[in-house]
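Heads up, the chain below is alone and in the form predicted on its own; it's given as structure tokens.
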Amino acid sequence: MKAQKVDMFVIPMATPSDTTGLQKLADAGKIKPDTLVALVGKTEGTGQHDDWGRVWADVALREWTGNFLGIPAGDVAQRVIFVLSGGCPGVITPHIAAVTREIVEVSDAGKEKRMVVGRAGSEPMPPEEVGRMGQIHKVAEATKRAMADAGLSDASDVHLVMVKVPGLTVASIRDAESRGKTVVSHDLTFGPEGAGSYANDAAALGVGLALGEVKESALSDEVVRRNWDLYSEVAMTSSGGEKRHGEVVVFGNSAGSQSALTIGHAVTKDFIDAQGVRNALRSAGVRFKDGLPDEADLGRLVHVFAKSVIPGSDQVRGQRITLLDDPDAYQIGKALGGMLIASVTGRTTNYVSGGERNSHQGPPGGNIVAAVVRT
């Protein structure tokens, strides 16, 4: 009987092109060409569609991975999924989480559910599909294939789906319109009507469709960034103009896994909900003492993934905030999320993406937090 044995290594980055940490893992034999399945991380930069820090990191990491696998950099996407989220404001440390998966022979299934991972790439997404049903359907299809790759059939065992999809650029908009097509927005930001927000949210609805969180009959181009009753509680999505295909990584737990890791998740109720972060840690197996994470047990915490979407209201727990009027709200929102997670975990190498206003990633006002813990 075959089973997965998954591991995860979190490596701080000194610059967007820093691959020294990955090389050290490779030299130590902790990652191998036949076990590396995904690189997920935060890169320094603006986080916008033209974030050259993220593009620089993507190029450097693909070149390193191609050399590591012994294949051209252009073929890397067929073997390793990349999900890079740009922008590290505040106390978010630029880093990469290397995810490995080994297939091992076992005599029987384990009793406790442990972490598994699955990956899949989507069909190409032309600019006219960004933020629309074309993108939703392609992400949903890729999510289902990633679940199958992980050996997961029950959506309740899925705790995190990370997706990176194409965004829009000046060049891709020109390409679409030269072919007589329209695009969802000419605003290339992550603002309320920005193309980046539409891309992220279409991807989230695609995950929701694949997992049964959202019904097909409820979806159309018109509901994206309009009907906030539609959302996924496990989708963390981002977009970039450097992408042409969607890339999906599914994390869940399975009784057949031989991993030493577990994953859990929770949803915060609002922007300052530290208890929601603690709930995610509990879900993954961190023990608590006197209402706080046990300091010794926090050493088993491998990584935290979180969204930090700005609420659509100017009220937090009945009190007015001015964040929605701030011209730097996108960066501030992401920085506040990084601080919230760091205040609970005591570390800054946390994957925190967001900054957009409202999202189908989590319920209105809430954000998704997932934690990976070593048993």
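C-alpha atoms forming the largest set that superposes within 1.5 Å between two forms make up the rigid core. Note that the coordinates shown come from a computational prediction; the quantities given were computed from them, not determined experimentally. When you see a residue number, it is the position in the sequence shown, counting from 1.
Heads up, the form predicted together with another copy of the chain isn't pictured, but that's what we're talking about next.
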Just to confirm the contact call: exactly one of 208-216, 183-191, 134-142, 121-129 touches another copy of the chain in the model of the complex at a 4.5 Å heavy atom cutoff, so which is it? 183-191
Note: exactly one of Gly276, Gly285, Gly256, Pro89 sits with a heavy atom within 4.5 Å of another copy of the chain in the model of the complex, namely Pro89
Partner contact for Leu36 in the model of the complex: another copy of the chain, 4.5 angstroms, heavy atom: no
Partner contact for Ser172 in the model of the complex: another copy of the chain, 4.5 angstroms, heavy atom: no
Considering only heavy atoms, tell me if Pro94 and another copy of the chain come within 4.5 Å of each other in the model of the complex. yes
Residue-level question: is Asp27 within 4.5 Å of another copy of the chain in the model of the complex, judged on heavy atoms? no
Quick one: in the model of the complex, does every one of Asp221, Leu230 and Ala280 get a heavy atom within 4.5 Å of another copy of the chain? no
Even though the chain is shown alone, can you say which residues of 339-375 have a heavy atom within 4.5 Å of another copy of the chain in the model of the complex? Met339, Leu340, Ala342, Ser343, Gly346, Arg347, Thr348, Thr349
After fitting the core, Ala255 CA displacement of 2 Å or more between the shown form and the other one: no
Taking the rigid core as reference, does the Cα of Thr348 move 2 Å or more between the shown form and the other one? no
Is the shift of Lys42 between the shown form and the other one large enough to count as movement, that is, does its C-alpha move by 2 Å or more after the core is superposed? no
